[in-house]
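What follows is a single chain, given as structure tokens, in the form predicted alone.
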């Protein structure tokens, strides 16, 4: 049984799908939810499922390694970023090499980098006039959206799509594929 920590900054819809996916699993389970916002909706989801939570404080996250003993205490094997908006510090990447996975709401390398999250991504996709968008699941490193790609899938867009309709299409892909890709990683696939 592999232990998963989810890092999230917002409402937690992907976290919910991952938690539910692994609830009855013999392969993995979510043992910790970490957030950088004390009022993030993801914390309510964790409480609903009796999963311990931890709140990060920015200076401590970047200037100390305080999170490492917390992750060790929960025997974390894989860190899953699910809408976590802070850059992962180098010490954490080194402590969990190729064991930190992120999801991005576009087809990287396009529409990635600092400031490219959520609605900003979908607005940029719309402004570019492209006819596809999608998701990229990748390993996290010390740079925004530059880690090795694990999985990508796409959805068609049309002229009438708005950033909001693009967001809905992409979120459906995230919910469908992220838990399954994480399971594959835990299986060593």
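Positions refer to the first chain, counted from 1. Given the structure is predicted, the values throughout are model-derived calculations rather than measurements.
Unshown form predicted together with a small molecule; subsequent notes refer to it.
By the 4.5 Å heavy atom rule, the three marked residues 20, 78 and 184 all fail to count as contacting the small molecule in the model of the complex. In the model of the complex, the small molecule lies within 4.5 Å of some heavy atom of residue 12. Contact annotation: residue 87 falls outside 4.5 Å of the small molecule in the model of the complex, judged by heavy atom distances.
Taking non-hydrogen atoms only, residue 95 never approaches the small molecule to within 4.5 angstroms in the model of the complex. Although the partner is absent here, residue 103 lies within 4.5 Å of the small molecule in the model of the complex, judged by heavy atoms.
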